[in-house]
Ligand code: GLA
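Only one chain is shown below, in structure tokens, and it's the form predicted on its own.
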Amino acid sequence: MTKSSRIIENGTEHFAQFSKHAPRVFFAPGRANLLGAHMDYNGGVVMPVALSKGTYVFAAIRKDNILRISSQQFGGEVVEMEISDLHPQRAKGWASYIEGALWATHQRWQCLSGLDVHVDSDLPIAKGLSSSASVISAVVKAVASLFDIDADCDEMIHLSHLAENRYVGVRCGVLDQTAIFLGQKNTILMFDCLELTRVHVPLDSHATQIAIIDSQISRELASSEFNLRVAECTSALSAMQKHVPGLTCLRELTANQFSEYKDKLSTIEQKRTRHVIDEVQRTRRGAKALRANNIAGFGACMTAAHYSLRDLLEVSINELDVIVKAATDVDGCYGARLTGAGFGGCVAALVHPQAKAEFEKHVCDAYKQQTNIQTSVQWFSPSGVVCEIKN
């Protein structure tokens, strides 16, 4: 029995103790951003992949205006409320993500008559794999399906983002929700943050697996340092706009323009801007490589992106660098880079399936030897799709 099958079986058994109704089961994947690092707020192109692991939602309609919520990850505790109790000021703790999805969908569709919801997941939580966006997206999909709402992906992306932004209070962009709802098997999404275009490029799961290695270092600085990087890039953009008419974001700045006017920037602003210019070129090269089935070429772009994040954007830490070096030392590893905002969290790597055992042993052993920290490798494929799982 696969792990997903066990989750569905266990979730259904738990639901029978939790509700008198038979559940329908829904799934939303997590996501990892493989290329386009810190490009969303600079108007660039990002290349996230929807993962084969994610969130499972077991849900059934009630008729009494009562909402009952539980989560396997939080001990099966049950949160109960009336529909009228849903409001952003209430948001607190793990249930707020599920409540937010219910609030956003009911605000839009006025559909809820009551609901029993149980959540389980095989996705690591708070590791840069969009676990929060995954659970919200799964609940939004569940509500649309259960109440026969004819909602397209764009509407569900909007509602999922609204739930996290307005109800939970996380000032995130729309990248995670877009990557999750538009995920397709054996592809990476190319999302242009300026032009808002979405294109899929191939990533064959028979030729590569996605390894996620946890540094075991919490991302305590990620929020404050992320905001600082945004401010530094915004400051650089403001300085460049005085010399480059019509410039709306750093993504539009050419290498020649940067070379001509870089003395107008501080040393820090020069480094941040250089990362953006180089990353724009890397995403273009990476997409071209994948279209030619050159996974090694794409992986080389990933690794180069990591060292740019280390040296120019300065969001890496020693532990992440150790993992990337150990990963790329293994024959069969196409490339590796930190995923998420940095300052801790995880490294994502692309690995040939035949190299999985050697990769796992070498990376874990090297990391333990150099940092005295034990880690593990989790394996994913590019195959996550938001869907209802039929029994």
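Note that residue numbering begins at 1 and tracks the sequence as displayed. Please read these numbers as outputs of a predicted model, since none were measured by experiment.
One more form of this protein should be noted, the form predicted in complex with this ligand, which is absent from this view; the next part is about it.
Trainee: Heavy atom within 4.5 Å of this ligand in the predicted complex: which of Ala37, Ala32, Ala327, Leu67 fits that? Just give me the one.
Mentor: Contact residue from the list: Ala37.
Trainee: Please pick, from Met190, Ile295, Ala304, Leu175, the one residue with any non-hydrogen atom lying within 4.5 angstroms of this ligand in the predicted complex.
Mentor: In short, Leu175.
Trainee: Only one of these stretches, 282 to 290, 255 to 263, 139 to 147, 165 to 173, has heavy atoms within 4.5 Å of this ligand in the predicted complex; which one is it?
Mentor: Result of the contact check: 165 to 173.
Trainee: With the partner left out of view, is Trp94 within 4.5 angstroms of this ligand in the predicted complex by any non-hydrogen atom?
Mentor: Output for Trp94 is no: heavy atoms all beyond 4.5 Å of this ligand.
Trainee: With the partner left out of view, is Gly43 within 4.5 angstroms of this ligand in the predicted complex by any non-hydrogen atom?
Mentor: Gly43 lies outside the contact set for this ligand.
Trainee: Is it the case that Cys364, even though its partner is missing from this view, gets within 4.5 Å of this ligand in the predicted complex, heavy atoms only?
Mentor: Cys364 lies outside the contact set for this ligand.
Trainee: Check Ala60 for me: does it contact this ligand in the predicted complex (non-hydrogen atoms, 4.5 angstroms)?
Mentor: Heavy-atom contact with this ligand at 4.5 Å: absent for Ala60.
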